[in-house]
Every structure is written in C-alpha cells, then in structure tokens.
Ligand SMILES: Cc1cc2nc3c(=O)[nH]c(=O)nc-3n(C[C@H](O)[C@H](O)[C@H](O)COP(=O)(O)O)c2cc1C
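In the form predicted alone, a lone chain appears below as structure tokens.
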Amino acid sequence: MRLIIASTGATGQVYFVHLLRVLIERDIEVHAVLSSWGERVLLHETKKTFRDIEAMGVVVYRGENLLARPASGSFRHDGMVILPCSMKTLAGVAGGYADNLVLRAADVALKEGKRLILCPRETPLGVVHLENLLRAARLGAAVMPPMAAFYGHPRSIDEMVDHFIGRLLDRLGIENDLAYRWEGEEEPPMVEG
C-alpha cells in the first residue's frame, strides 16, 4: 500500500506524526507533503523538522515542489490524507485551486477517483468553512475532524490520539486495534432524577 499524507499550517501536528509512525510500523509506503506553514507548525508543536520526518523512513516533499511525483495523475497511490487540514487548504480543495503540492495532490486524488480524507482543525467553524466542507464532501472527499471520543474512557492524550488514528485507519481499510470498539450494553444504566 502507498499513501500520501500531507500536513498544513493548522494545529494538530501530533496527529500527523503519530499517523506516520503507525503507517511505517505497518510497512506502508508513505509519501509526506509538508506545506511551508505545516513545516513551521510541526516544528513549533513537536520540535520535529523536515529531516526528522525523512529519518522516519518517509519520502518527504516540500509543498512548493509542484514537480514532485504526487503532482501527477500517473503517480499511483491508494489514497491521501490531509492531517491537519487548515481552512486555507480546505478552501483550495473545495475550489480546485491547486497552487502548491498539497492542493495539487488532493486535486489529482479527486480527479483520479482516489480516496481523499480531510481532517480539518478549526473551531468554531464559520459559514464559509462549513460550505467548503460540504463542497469538498460533494466532490468526493471524506471529512474527518480529529475529535476526541470519550466512550472508551481514555486515560491520556496519547489514547485519544490513538483512537482517532485508529478510526482514520479504518477509513483507509487498514486493520488496527488503536480505536476503542464499542461492544454495546445489555441495557442502558438507569439515571436517577
């Protein structure tokens, strides 16, 4: 399996790094694209650099490199994830404005019928953001905001990140045991009052 994982200038770079680690552990070929702001926020939030990502065993491209392999429809891959996805990047995807490698690779994924997953990181969401999310979904992108789930009673931030990454892997069709699996209850507990 070969995946494109892109990072843009939104908060949430811990998800990006964790996803890369999990994919590499599963011997999945990873091509990472870092927008210029993604690279800066990555350094700020995780202290990791472009070279640190390369050292993980990932093929890394800078967002300005429109001559890179993921810019072409002839580059074969099994899907693309933008994590975190800034609102600027979302607007580019929704509007078909491919002026950098992240946007061009996303545009190519959509036109080639490949899986594209957007993980937007913004709150609150304004009307423009919501309209862009709807437009991107109508174009074929899946929208998966990195939201915490509490039904598994996470004990740490790492467990919360694991759960989201597990759900993301589910969407990519990759077996995992990172996400808490709801088993259901025989009968809901009684609530007094």
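Start at 1 with the first residue shown and count on from there. If you're wondering where the values come from, they're calculated on a predicted model, not measured in any experiment.
This next part talks about the form predicted in complex with this ligand, which is not shown.
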item: Close approach of His77 to this ligand in the predicted complex, 4.5 Å, heavy atom; value: no
item: Contact label in the predicted complex: Val41 to this ligand, heavy atom within 4.5 Å; value: yes
item: 4.5 angstroms heavy atom contact with this ligand in the predicted complex for Arg121; value: yes
item: Non-hydrogen atom contact Phe50 with this ligand in the predicted complex at 4.5 angstroms; value: no
item: Proximity to this ligand in the predicted complex (heavy atom, within 4.5 Å), stretch among 33 to 41, 148 to 156, 134 to 142, 162 to 170; value: 33 to 41
item: Any residue of 4 to 21 that, in the predicted complex, places a heavy atom within 4.5 Å of this ligand; value: Thr8, Gly9, Ala10, Thr11
